[in-house]
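First, one chain by itself in structure tokens, the form predicted alone.
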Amino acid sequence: MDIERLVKMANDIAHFFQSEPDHEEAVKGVLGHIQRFWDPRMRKALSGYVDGGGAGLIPLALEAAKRLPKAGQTV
């Protein structure tokens, strides 16, 4: 997985949801989109990247990515 591409994609999703007035709903929107449309390898790569600091992710994308289930966890 090209992490730079995943960071850009996550940031693009977060930019879309930034107009949501309820911050929690915005986070849930980003998280839900990633969980529904990204394959498990992409989610795992993003989650691992966030564990290492998540440089380059905008705050909304970072917050949502931190809520991704870890390997073996269910939502």
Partner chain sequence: MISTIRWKDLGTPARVSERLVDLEVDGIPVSVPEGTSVLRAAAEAGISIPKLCATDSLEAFGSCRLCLVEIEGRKGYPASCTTPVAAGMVVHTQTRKLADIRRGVMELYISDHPLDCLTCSANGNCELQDMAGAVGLREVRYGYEGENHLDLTKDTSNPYFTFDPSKCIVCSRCVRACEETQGTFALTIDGRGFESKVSAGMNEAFMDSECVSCGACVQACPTATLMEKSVIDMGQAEHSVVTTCAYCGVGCSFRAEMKGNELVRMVPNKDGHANHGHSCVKGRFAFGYATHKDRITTPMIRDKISDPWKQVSWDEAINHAASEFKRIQAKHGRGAVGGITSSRCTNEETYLVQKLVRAAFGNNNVDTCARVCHSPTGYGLKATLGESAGTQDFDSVEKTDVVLVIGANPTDGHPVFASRMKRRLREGAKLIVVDPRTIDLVRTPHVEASHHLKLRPGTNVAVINALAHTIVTEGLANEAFVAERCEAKEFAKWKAFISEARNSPEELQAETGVPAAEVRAAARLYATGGNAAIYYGLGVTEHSQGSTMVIGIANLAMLTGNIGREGVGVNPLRGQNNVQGACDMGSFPHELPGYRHVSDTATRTLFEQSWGVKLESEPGLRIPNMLDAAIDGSFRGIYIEGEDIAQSDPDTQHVTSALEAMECVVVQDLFLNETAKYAHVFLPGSSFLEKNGTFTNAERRISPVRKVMPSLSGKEDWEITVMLAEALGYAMPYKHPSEIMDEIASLTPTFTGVSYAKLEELGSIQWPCNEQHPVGTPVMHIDEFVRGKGRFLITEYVPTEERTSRKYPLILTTGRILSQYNVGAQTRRTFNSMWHDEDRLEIHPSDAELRGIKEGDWAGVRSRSGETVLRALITERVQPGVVYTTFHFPESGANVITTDNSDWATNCPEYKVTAVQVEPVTQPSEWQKRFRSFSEQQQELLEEARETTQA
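As the structure is a computational prediction, the values presented were derived from the model and not from experiment. Numbering follows the first chain given and starts at 1.
One more form of this protein should be noted, the form predicted together with its partner chain, which is absent from this view; the next part is about it.
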| property | result |
| --- | --- |
| Non-hydrogen atom contact Leu60 with its partner chain in the predicted bound form at 4.5 angstroms | no |
| Distance check, Glu24 to its partner chain in the predicted bound form, heavy atom within 4.5 Å | no |
| Contact label in the predicted bound form: Arg5 to its partner chain, heavy atom within 4.5 Å | yes |
| Lys44: touches its partner chain in the predicted bound form, heavy atom cutoff 4.5 angstroms | no |
| Stretch 24-40: residues contacting its partner chain in the predicted bound form, 4.5 Å heavy atom cut-off | His33, Gln35, Arg36, Phe37, Trp38, Asp39, Pro40 |
